[in-house]
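Let's start with one chain on its own, the form predicted alone, as structure tokens.
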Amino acid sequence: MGGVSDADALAELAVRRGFYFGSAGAYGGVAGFYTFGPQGAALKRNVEEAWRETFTTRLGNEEIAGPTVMPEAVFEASGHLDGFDDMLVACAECGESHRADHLVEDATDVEDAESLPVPEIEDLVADHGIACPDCGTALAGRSVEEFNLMFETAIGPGDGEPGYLRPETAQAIFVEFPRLKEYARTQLPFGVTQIGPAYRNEISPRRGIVRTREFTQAELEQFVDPDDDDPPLETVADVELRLYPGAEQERDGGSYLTRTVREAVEEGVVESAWVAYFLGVAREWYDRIGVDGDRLRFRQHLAGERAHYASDCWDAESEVGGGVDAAALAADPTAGRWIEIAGFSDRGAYDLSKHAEHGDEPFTLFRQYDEPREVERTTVDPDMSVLGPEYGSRAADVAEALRALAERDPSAFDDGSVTVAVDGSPVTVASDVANVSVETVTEAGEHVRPHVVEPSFGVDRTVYTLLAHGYREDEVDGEPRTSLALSPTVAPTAVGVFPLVSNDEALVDLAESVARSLRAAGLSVTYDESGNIGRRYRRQDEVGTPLCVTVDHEGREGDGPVTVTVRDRDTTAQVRLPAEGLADRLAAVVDGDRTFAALREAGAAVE
């Protein structure tokens, strides 16, 4: 049986086998923070490496590692200071705070309450008699407030400079664009990736590692020329996607559309060819790491939930509730329990434009023409004899702001006066003082502000998805068994090695030697000689180890080469193989280049 129907069963397994657990338990714990144990840390690391191999190495991108604390000015420019809010409602009786939109979703048929305005959320709370989950007190009449999710800190001693823990890894890439473009030799398109922690002071963390206050993101910022750069769509053109467009979500009885990447672009189901390309890359990657394709979909953001700067946005969502068969999930998009595990957004030029307005660097790159062109250029030569007496030490800043505006928006000077912002304050200058002129110049190229296409993956939620999709309960030799059918690509341990018995020194020495040889070949290995062999198999099955090697007396009999038995986790089938060359054979299975069935054909099956 595949899929966990009870989240508590998965949480119990996660704690018992060392995947993840609440942090600081010795001090009562703190909501929204989790420690990944030995198994979870290895699984998470393998997911990150698999992502890096695809989205950095295979796609030919570069990776950076930016700081997790950044100055306030960065988030003022990005808009996070003013707009990075969730809806909070506090209980008058017990004082606990809750996500108002989550309470509405739990108590009604509303699926995307986050996209609704605050007054409508307040009405829904009252109309449905929604009460505080902790004490049961009615929340009708309680105001819903906007709560900024960023963690604030001070940079330096004392009050220091205000700063914030980054709420996403993306800004650490955007603010470094002026330098990163030089590393890319100012050639578009180019991509920059980053894997690292982000922080959001969630009002009500829930669902274990699905919604936390510290989490890991894997993001790619693809910088493209919107006029000239097309994605290599042919590389994923035939990849099939299960799409849930906005129109289908809003239609009674709406359903999924199954399209190839090529069809999705040609039919206009996915507006951005770059977004469609990354949906195809992501689908292949999810298949590789073991996400169940029957429990994966790509859902388009509705207009109310899409960021104002995004022309199109799709989420990869996984079903993690279990207990619903594949046919039901395919037929009914409302069936199951879905979580967002990645987002794919065409962010346009918004981010670089905002940082250009607030920063001291040009967030553009120079594109050379094939042939020089004659163009009309609006310039200003401010009359400093007027600006100096009127604005004093600010006169030079006013002049610079006028010049920048002339480059950005020449039509702003068409009226008798023009207004610019200097140190956050408006300054109005007469057009004749600005000395506006239009001249014809010959240019070899132009400065281009790239657009950004962003695939952003939640690593922790991907880990949760793999555990939920990999969970199995069955019987082996008449006994119940719990196992995790994790892909060998990401499984915490690749191979378990056991001596059949622990009281035979020669057998133990040989098993330890096999373990060393496998480790030397780069395979992660668990060595275990405690308990009977059946229990050792069950322990490895439960943490998702795909292969187990047992060293027994039969493998040392006679004058022939030493042999061992290799057991497959999912089928429990076994094959006897020579110990010599074993590492290469098992590595091929772990890397996905060979199946266990192929190993059985090459060796002697053990019944």
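What you see is a predicted model; the values in this text were computed from it and never measured. All residue numbers are counted from 1 along the displayed sequence. Between two forms, the rigid core is defined as the largest C-alpha subset superposing within 1.5 Å.
Only in words, not in the display: the form predicted in complex with a further copy of the same chain, which the text now covers.
Please identify the residue among T334, S385, S530, T442 with any heavy atom within 4.5 Å of a further copy of the same chain in the predicted bound form.
Exactly one listed residue reaches within 4.5 Å, namely S530.
Note which of V281, I203, A401, A412 lies within 4.5 Å of a further copy of the same chain in the predicted bound form, where distance is taken over heavy atoms; exactly one does.
Selected option: I203.
Tell me which stretch of 559-567, 543-551, 576-584, 24-32 has a heavy atom within 4.5 angstroms of a further copy of the same chain in the predicted bound form.
Stretch 24-32 is the one.
Among I64, I155 and F363, does every residue place a heavy atom within 4.5 Å of a further copy of the same chain in the predicted bound form?
Yes, all three are in contact.
For E111, is any heavy atom within 4.5 Å of a further copy of the same chain in the predicted bound form, or not?
No - in the predicted bound form, heavy atoms of E111 and a further copy of the same chain never come within 4.5 Å of each other.
Can any non-hydrogen atom of A41 be found within 4.5 angstroms of a further copy of the same chain in the predicted bound form?
Output for A41 is yes: heavy atoms within 4.5 Å of a further copy of the same chain.
Does R306 reach a further copy of the same chain in the predicted bound form if we count a contact as any heavy atom within 4.5 Å?
So R306 does not count as contacting a further copy of the same chain.
Against a further copy of the same chain in the predicted bound form, would Y199 count as a contact residue? Criterion: heavy atoms within 4.5 Å.
Judged by the heavy-atom cut-off of 4.5 Å, Y199 is in contact with a further copy of the same chain in the predicted bound form.
After superposing the rigid core, is the C-alpha displacement of R449 2 Å or more between this form and the one not shown?
No, the C-alpha moves less than 2 Å.
By the 2 angstroms cut-off, has the C-alpha of R99 moved between this form and the one not shown once the rigid core is superposed?
The answer is yes, as the C-alpha of R99 shifts between this form and the one not shown by 2 Å or more after core alignment.
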